[in-house]
Structures are given as C-alpha cells and as structure tokens.
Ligand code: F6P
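As a starting point, one isolated chain is supplied in structure tokens, in the form predicted on its own.
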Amino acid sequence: MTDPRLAQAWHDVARRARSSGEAEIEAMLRGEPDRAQRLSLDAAGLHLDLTRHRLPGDALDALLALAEAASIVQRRDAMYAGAPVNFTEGRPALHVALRAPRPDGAANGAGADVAVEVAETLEQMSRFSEAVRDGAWRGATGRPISDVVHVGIGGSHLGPQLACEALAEYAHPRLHCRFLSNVDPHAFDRAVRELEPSTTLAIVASKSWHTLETARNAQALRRWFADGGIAGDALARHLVGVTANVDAAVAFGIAPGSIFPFRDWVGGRYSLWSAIGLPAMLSIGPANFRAMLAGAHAMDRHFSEAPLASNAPVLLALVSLWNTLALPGSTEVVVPYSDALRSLTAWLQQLQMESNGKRVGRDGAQVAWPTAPVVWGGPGTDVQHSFFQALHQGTGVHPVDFIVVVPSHRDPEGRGDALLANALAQREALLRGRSGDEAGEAADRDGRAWLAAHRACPGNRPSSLVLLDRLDPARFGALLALYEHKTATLGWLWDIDSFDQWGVELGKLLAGDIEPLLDPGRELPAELAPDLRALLARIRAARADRG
C-alpha cells in the first residue's frame, strides 16, 4: 500500500476498531442524537437500518474517510463507464448495463453497441417467453410446455432459482420450473421425475459451454429426451441454450435460433439480469422481469448518485468491513424472514465469498486485512430453532442481517403477524440480552437460582435490518443489486478483484486429472501421494463390490 493517505486512513480505522469491539450499542443509540439519521435510510424501495452495530460515530467518520481515500467514487464510476475493473482478466463488469433502460444503456457505461445488444437479447427472451407462456411454442408432439428444467451451476443456477422462488406469486399457473445443478446422478433423477419429455423444455445455461457439471447433465438430458422419442430436429422444440460460446452450443446440437447469447463481460454471479434469467422470465413473464430489472436499476442509480455518507451499498460495505476488524473471527449471518427468500443465503454466499475470497491485492502482495467473512444463514423462523442459540449465548459474536418482508395479507391463524413479531423480537433479544439479575429472578421463582448463569444472554450483539414493504419484482431486484454493490465496494476497499475466481478454476483442473484414475483398469501413477493412492484404491474396491 504505497498511497500514504490510504495507509493512514486504514490505520485510523484499524486503531478505532481495536478499541471499540465492546462498545455498547444501546449507549450509542441513546447518546448519539444523529445516529438514526446517519445509519438508516431508504433507497430504491428498501429501508436499511444499520444503527445496531458496535460502530461509534467517530468510527463511521473514519470509515467514510477510508472510502474517500480508496477512491470508491472513481472506481464505481469506472465500472459504470465500462473500464476493465476485472483487472486480472482485462474485462469490464457491465451488469449495470443489463438493467439500464434505453437510452440510459448508452449513457450508463456500456456504449451504444452494448446497449443495443442488451436490448435485442431482452427482446428475444421476451418473444420466446410469451410464446411458451401463451402456448404458441409447443413441443414436438404439439402439446404445450408445462415444465421447465434449467441446467446450470453457480451463477448460472443460483440467481434464476432464487428469482423463481422469490417471485412465485407471479408465476404462470401452467409452467413449473425445476433446477438441476449437481452432477450427482440422483440430482438428475429428481429433476426429471414424473416429467414427460413431450411437455418439457430444458434450458442449458453455461457461459463457456465447458463447465463439467452442466455439460454432463446436458448430455444426460439429451439422452433422456431421445429415450422419450424426441431427437434430431424434434429436439429444437425442447432444448435451448444460454451461453457466451454460441459455436459450442450449436456443435452440441442446439438450433441457432434457440440460443440466447450473452457476452463474456457478464460475470456468473452477476448474470441473473442477462439471458441467464430466462427461466425467471418464463415463470413471471416479461413485464415482471422488466420490473425486476427496473428495481435493480433504481438501486444502480442510487449507488451512482448518492453521496458516500448516505449511500446504502457503501454504508452496508463499511459496516461489514468494520465488523471484520472490530470482531475478529466473526462471520456474516443472513436471515430472511420470508420463505420465498429461502435461497437468498446461497446466492449471497457465492456473490460475496467467490467475489471477495481473495488473499492478494492488485499488486500481487498479501492483503493486510481479513477479507470475505463466511456468509451463512437460513430462513426465519426456522433457524430460530437451529443456530440462533449460538447467536444469543455462544462465545462468538456474529452480526446478523435481518431481511424482513411485510406479509402481503393477514390470515386467520395470524401467521404473518407471528413472523413479523419473531423477526423484531430476535433483533431486540440480540441487542438487549438478559442480565443475570433478570435470569436469577426467573430462576428463583422456580427455586433453582443456580440456573441464572445458564439463562443469561450477554446482548450487545450487532445486527442490520433490510425492510421490504412487500416482495415484488422491483424490490427483489433492488435487494439483489444492493448486495452486489456492497460486494464490489468491499473489493475496492481491499483493492482486490471482485470479478474473477481463479481458485474455482484450480479445483476444476485437478478434477480433470483425478477422474481418469477412478478407472479400475488404469494403473495408479507412482508419484501419487500415499493418502490419495490409498483412497483411490478403496473407492475402486467399493465399486467392484457393488458390481
């Protein structure tokens, strides 16, 4: 880190973090009159409350100074302008262009040619989706499509699945979407169970068209269709491709008119907004898909226009960075109080940990600060009965993002009210805790005073709140864009590349070396490590025993 101003800004933040790990949140809520004004705001239809973190006001000032010194505004503007912010691969990251309405597309960083290309692909998706939804596009036997099987993995899978689940209220009543990602044969069996090839549409989504899991599952689907009497020219009514490698998709046997292209500057974990989102458009329809894009674009506008001190993604990133320094070893817990968002955590795990799970900066030197805290969680209220015990009374302190959706209607059993009450109560419990005296009084009534220590909860545990008045396409799009921009901001603060994933590539290469060694007719190389040799021998023996 050669910039003295940036080095000083990091030093100031780190110094405050070391001394503020035990700062009392309740005391700051009472003693900082402008805390709510500074740490809560509305953006693109979302309400964000960051007041309940162990973050004193002067530390927020230091974080904002760090953001200035790290040139967050300039780096953000460079991304929007189409600069190669993915610096290890020399590519731009233009996911913002995918959701920018024309004429904003040309002015929003992409250039006129990219804006036209994005619009053309969106129109192609819309025409196809409408044809499938209204029954004009039929299978080879003349029957309308009733089921969609989407084949992809990572960014080509997590975003579309999340969108289809989150917006199921808007789904077409005839179309049912299933998702196949794992190369495990049992996953394939589940995906096609009880489906009829004659009424099934398969989408194969792969940026490179060389991803092993997707390629093997696509081959299995082609065989499944053939076994059902659909092969040759008939397959064009049932198999479409989404890829940046059009030639490879054609070579696989997909008709050129059934390929939905996108460019290599669409990163996998930022790709829902591209043709990768085709299953979501099929499910919710083009109008709702465009509303989702509009919601994301509204967050893009906020991110590009709001000052750093009142910028929702920037503040979310700064609080995250602060927690990695003030709470060593902490993770980030995400709990959506909406079953429709049950896959949000998996999407966020890829977004944040694949983007920022890096150990070296732009100059190739080791990053001096911890990056990419582990992201985990699950839907409330389910997880209150699994891991919340550790959040309240465990030895580690793990900040929680509560994603709260106001239920769409009341029901006779009051389940929506119970959901809301639990979300707010859990956040209160993390803040307030329960003192030994309070626990002792309850224990005394039972005649078991010794239980006081077991019942006490320390409290002062940090949390964020993202509130959605309702879960509609626009707010859903804004929610995902909020976290996308948070992730990019953190990458710029750490000076790492949030848009590559070389660690993932290493595992793929090694899998290609190991797979041939599973063949029992092949001699194991002498240079293999003894433990791997023994393991492969055991696997071969197990396969032989099973015939």
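Residue indices: 1-based, along the sequence shown. A quick note: this is a predicted structure, and the numbers were derived from the prediction, not measured.
The discussion below concerns the form predicted in complex with ligand F6P, not included here.
task: Consider H297 of the chain shown here, and say whether it contacts ligand F6P in the predicted complex, taking contact as heavy atoms within 4.5 Å.
output: Result no; H297 lies far from ligand F6P in the predicted complex.
field: is_contact(G159, ligand F6P) in the predicted complex, heavy atom dist at most 4.5 Å
entry: Output for G159 is no: heavy atoms all beyond 4.5 Å of ligand F6P.
message: Quick check on D401: any heavy atom within 4.5 Å of ligand F6P in the predicted complex?
response: The answer is no: D401 has no heavy atom within 4.5 Å of ligand F6P.
field: Contact flag, H238 vs ligand F6P in the predicted complex, heavy atom cut 4.5 Å
entry: H238 lies outside the contact set for ligand F6P.
task: Consider the chain as shown here, without its partner, and state which of T211, T121, S343, S129 has a heavy atom within 4.5 Å of ligand F6P in the predicted complex.
output: Checked against the cut-off, the match is T211.
query: Which one, R222, H95, R475, K207, lies within 4.5 Å of ligand F6P in the predicted complex by heavy atoms?
result: Selected residue: K207.
message: At 4.5 Å between heavy atoms, only one of the stretches 83-91, 329-337, 150-158, 129-137 reaches ligand F6P in the predicted complex; which one is it?
response: Among the listed stretches, the partner-contacting one is 150-158.
- request: Counting only non-hydrogen atoms and a 4.5 Å cut-off, give the residues of 242-275 close to ligand F6P in the predicted complex.
  value: Contacting residues: G268, R269.
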